[in-house]
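Below, in structure tokens: the form predicted alone, a single chain.
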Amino acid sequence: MNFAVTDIGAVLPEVIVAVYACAILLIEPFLPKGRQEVLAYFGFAALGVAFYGTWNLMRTDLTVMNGMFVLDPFGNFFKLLLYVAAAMTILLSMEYLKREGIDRGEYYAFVLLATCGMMILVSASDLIMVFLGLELMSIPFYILAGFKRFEEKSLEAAAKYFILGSFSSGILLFGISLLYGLSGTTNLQALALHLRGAELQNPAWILAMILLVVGFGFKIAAVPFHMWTPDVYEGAPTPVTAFLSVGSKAASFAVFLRVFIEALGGIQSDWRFLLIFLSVVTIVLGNVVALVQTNIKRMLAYSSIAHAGYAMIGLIVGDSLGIFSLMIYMLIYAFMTLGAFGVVMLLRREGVEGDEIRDFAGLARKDRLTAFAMLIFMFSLAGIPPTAGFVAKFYIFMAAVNAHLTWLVVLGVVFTAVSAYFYLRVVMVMYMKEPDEAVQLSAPPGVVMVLAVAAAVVLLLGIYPSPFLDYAQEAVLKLR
């Protein structure tokens, strides 16, 4: 393989994030006890420098590393989203780690390493690079899920995530090896060329496609590969749950799009039918099971499963509008989900986890601004205007109608109405129930900043989404 000097410039943001993560691990032993917040600022610096580098390369379209890595607006769109999600996760974590007695520097290193894996994933143009990015993203998340190692739920979450994640990685790798055996290449563009001219009667092509769907389906929490999600969301530290639900899902959908649209477009008629089935069962099960949850982290877990089903519609459509709608959906989903988990964190206090829906009773009387922020996030998750969630579902459903999948839109609208019950139940508890006890909530500055930014973006994207829509459209055109 031949590498040019320009290759280093293309992967510089990934290198910066990885180097800062390693630097945190080296610096942490020399810090005085109780000064780990310094490492959080290191994390911010890494994300800020990487954000600046990606912003300057935002409209670059370049393939490097012998065709294994592509720098394009599509990947940069998701990278900018990942930087923001990682920075907001660090803000949520700073006070939380101290309160839980787990304020260790390696936490921030793992957040950066997971982010680096996601960055590689969204720019991978080769199945080997896809697998490397996927593992670099997953392994830090296995550790972060069990970071509260003195709690049984956290250890259970880490064990389940690791075991099931290992199986999914093996299945994905088996699918990659089948594709390599059939085509003699792992490069996405070369695979696409091979599929255009190959005889596709061999059932191994379908088997390879199914195995890839299973591997990626686990990462986006699609039914029936969702079984890890509720337990991991409940047991992991809340900032980790927030980052996992946003970052991992966005990066996984990005690579799902890249592999299936760019490489496997030649057998779209085969995988489209399979994804329609997965989308339907994911939407139905996610919304129905969320109805009976009393723990809000488990409710948001099943909510995230349902949202994966809605987002899959953009992948099923598979044209420019479908890809565009999926990108917008991931952008909006990130802010409303991070905001919702931020509110859950504020209810954590001595002796009370704060993750039961009944813990929200009377929140509007305890803290009006926090209750109003949660109302915005719940309305947005339910797809109620003028919040951004309405815009996300509007474009997803419009793409499906244009692709003559009107029946799928009808199903989506029906279960969107069903989801309003469990989202608005949280609002009802906040505003119509009496508080169980007179407790003053503590509001760390980092969490307040996250809530303010997330609420402002959710409202802005609901009222004036044009700038974001324009950039997403540019990225889609480059991808196609």
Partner chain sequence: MIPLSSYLAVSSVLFVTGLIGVLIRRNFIIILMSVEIMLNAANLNLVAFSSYLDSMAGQIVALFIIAIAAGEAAVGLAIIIVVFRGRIATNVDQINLLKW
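The structure displayed is predicted, hence computed values, not measured ones. Numbering follows the first chain given and starts at 1.
Omitted from view is the form predicted in complex with its partner chain, to which the following refers.
*Asks:* Flag this candidate site as yes only if V343, E356 and A443 all have a heavy atom within 4.5 Å of its partner chain in the predicted complex; otherwise mark no.
*Replies:* Answer is no for this spot.
*Asks:* Identify, from the list A192, L369, A159, V281, the residue with a heavy atom within 4.5 Å of its partner chain in the predicted complex.
*Replies:* Comparing distances to its partner chain in the predicted complex, the residue within 4.5 Å is A159.
*Asks:* Among 359 to 367, 184 to 192, 325 to 333, 242 to 250, mark the stretch whose residues have heavy atoms within 4.5 Å of its partner chain in the predicted complex.
*Replies:* One stretch meets the cut-off, namely 184 to 192.
*Asks:* Using 4.5 Å between non-hydrogen atoms, is R196 touching its partner chain in the predicted complex?
*Replies:* Flag for R196 set to no.
*Asks:* Is L211 a contact residue for its partner chain in the predicted complex, using a 4.5 Å heavy atom cut-off?
*Replies:* Yes, L211 lies within 4.5 Å of its partner chain in the predicted complex.
*Asks:* In the predicted complex, is there a heavy atom of its partner chain that lies within 4.5 Å of any heavy atom of R272, even though the partner is absent here?
*Replies:* No - in the predicted complex, heavy atoms of R272 and its partner chain never come within 4.5 Å of each other.
*Asks:* May I ask you to check whether F260 falls inside a 4.5 Å heavy atom distance of its partner chain in the predicted complex?
*Replies:* Taking the distances in the predicted complex, the answer for F260 is no, it never comes within 4.5 Å of its partner chain.
*Asks:* For the stretch 135 to 157, return the residues whose heavy atoms include at least one within 4.5 Å of its partner chain in the predicted complex, in the order they occur.
*Replies:* Going through 135 to 157 in order - heavy atoms within 4.5 Å of its partner chain in the predicted complex - the hits are E135, I139, Y142, I143, R149, E152, K153, L155, E156, A157.
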